[in-house]
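Here we start with a single chain on its own, the form predicted alone, put down as structure tokens.
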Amino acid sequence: MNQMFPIGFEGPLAFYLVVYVLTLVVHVFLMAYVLAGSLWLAWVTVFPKATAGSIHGEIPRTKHPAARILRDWLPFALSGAITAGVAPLLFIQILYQQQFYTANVLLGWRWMVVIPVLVMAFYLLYIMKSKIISQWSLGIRIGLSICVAGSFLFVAFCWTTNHLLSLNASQWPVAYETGDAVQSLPALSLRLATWITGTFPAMGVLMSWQLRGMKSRTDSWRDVASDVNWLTLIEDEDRRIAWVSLAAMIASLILAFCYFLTLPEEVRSNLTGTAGILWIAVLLSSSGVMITGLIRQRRSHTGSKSWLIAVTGALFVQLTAAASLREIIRLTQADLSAVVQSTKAAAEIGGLVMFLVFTVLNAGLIAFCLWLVRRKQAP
């Protein structure tokens, strides 16, 4: 690859790579909210007691603004993540047919149970959202929250293992004979940890927007404690989320570099060469904007809308850069001639118009649902 990704590829391949990356970014943004949000809920459920000496110490963490928002919105976010994941799932089958299908087969039962696990987690999220759960024992609530978070971690493990299997064709016979889908534990651990820590900044950005919206509806939370200054509590929570997002982003960048060191020399040379060096620069610069914005948010008492807008924009740029670098890794280890042929064949079949029509329809319906909820919650 002698030009910046995806420049230099034939028309059909470049087109499918672009739409795959863009649709993947939307899916990852919603997926990050679900995974990081479920881990946040599990944490506050296992450790419900607020920090000692806090002015809000009498309110358990499970009733803090972030936890309340997550319980309300996680079912919707999961359905949105699954819906947004349909398009990149279709495109990946066009781009990497042999690699993707072979990895599916080699994963065996683990791949087969991904959908049932997601369905189970979807219904459990609605149970966590219900009011009756507050009447259950602490042990049941802890088990429920851990089960939900564990379900999403399992799905993340399956997708990460699938991706790494698809890249390493030389290990397919060994994986088939032994049934061991994990061929490199360090690579799997580093890549999985990179994505898990990377979900928290995305969740934090969306949560900051939601917390800003909650400031105008604090009266609806008097069922928890009527004498609490909810505006102050929301601002404290916003700064806490900014701190967690900042720490997670730094950890994710360090883990990504460690994962980079495990890659073959050919892959590393493409990433640091013409194909990927500009994307690395974009990734680091957008991360710098996000880190600056999160630090300002951490130090601010009221939060800055302009910086939040900047951080949101930088997040999408960062995700796009990360997805592009991810595809450079995959293309370097794939049979490029087979990828070119499959995209040419797909381009001759058509269907782009229908895809765009249903994309607009789905986006419109989701926006309409959000408008209905926003209207119902308006003071």
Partner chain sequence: MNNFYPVNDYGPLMPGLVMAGVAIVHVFLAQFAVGGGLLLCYFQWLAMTGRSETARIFVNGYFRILVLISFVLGALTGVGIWFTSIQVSAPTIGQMVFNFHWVWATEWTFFCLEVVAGYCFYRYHTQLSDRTNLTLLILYAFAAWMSLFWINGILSWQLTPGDWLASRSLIDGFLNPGFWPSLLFRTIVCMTLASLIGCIVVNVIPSLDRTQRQELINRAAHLMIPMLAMPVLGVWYLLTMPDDSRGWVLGGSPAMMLFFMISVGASLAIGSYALIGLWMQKLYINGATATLLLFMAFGATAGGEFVREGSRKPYTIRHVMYSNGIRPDEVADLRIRGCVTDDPYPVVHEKDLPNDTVTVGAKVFRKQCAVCHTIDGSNAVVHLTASWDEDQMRMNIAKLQQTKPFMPPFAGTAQELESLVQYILWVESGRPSSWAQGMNPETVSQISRWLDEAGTEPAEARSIR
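Basically, rigid core = biggest C-alpha set you can superpose within 1.5 Å across the two forms. Computed from a predicted model, the values in this text were never measured in an experiment. Residue numbers count along the first chain shown, from 1.
Form predicted together with its partner chain: not shown, discussed below.
Just one of 34-42, 59-67, 338-346, 314-322 has residues with a heavy atom within 4.5 Å of its partner chain in the model of the complex, so point it out.
Checking each option against the 4.5 Å cut-off leaves 338-346.
Taking 16, 93 and 112 as a possible spot, do all three reach its partner chain in the model of the complex with a heavy atom inside 4.5 Å?
Each of the three qualifies.
Counting non-hydrogen atoms within 4.5 angstroms of its partner chain in the model of the complex, say which of 279, 195, 73, 230 makes the cut.
Checking each option against its partner chain in the model of the complex, the one that comes within 4.5 Å is 73.
Of 262, 269, 102, 184, which residue is found within 4.5 angstroms of its partner chain in the model of the complex when only non-hydrogen atoms are counted?
Spelling it out, the residue with a heavy atom inside the cut-off is 102.
Should residue 309 be counted as a contact of its partner chain in the model of the complex, where contact means heavy atoms within 4.5 Å?
So residue 309 does not count as contacting its partner chain.
Look up in the model of the complex whether residue 180 has a non-hydrogen atom within 4.5 angstroms of its partner chain, and give yes or no.
Output for residue 180 is no: heavy atoms all beyond 4.5 Å of its partner chain.
Look up in the model of the complex whether residue 139 has a non-hydrogen atom within 4.5 angstroms of its partner chain, and give yes or no.
No, residue 139 sits far enough from its partner chain in the model of the complex that none of its heavy atoms falls within 4.5 Å.
Within 4.5 Å, heavy atoms only: does residue 256 come near its partner chain in the model of the complex?
Residue-level check for residue 256: no, no contact with its partner chain.
Does anything in 179-212 come within 4.5 Å of its partner chain in the model of the complex by heavy atoms, and if so which residues, in order?
None of them.
Once the core is aligned, does residue 14 move its Cα by at least 2 Å between this form and the one not shown?
Residue 14: C-alpha displaced by less than 2 Å between this form and the one not shown.
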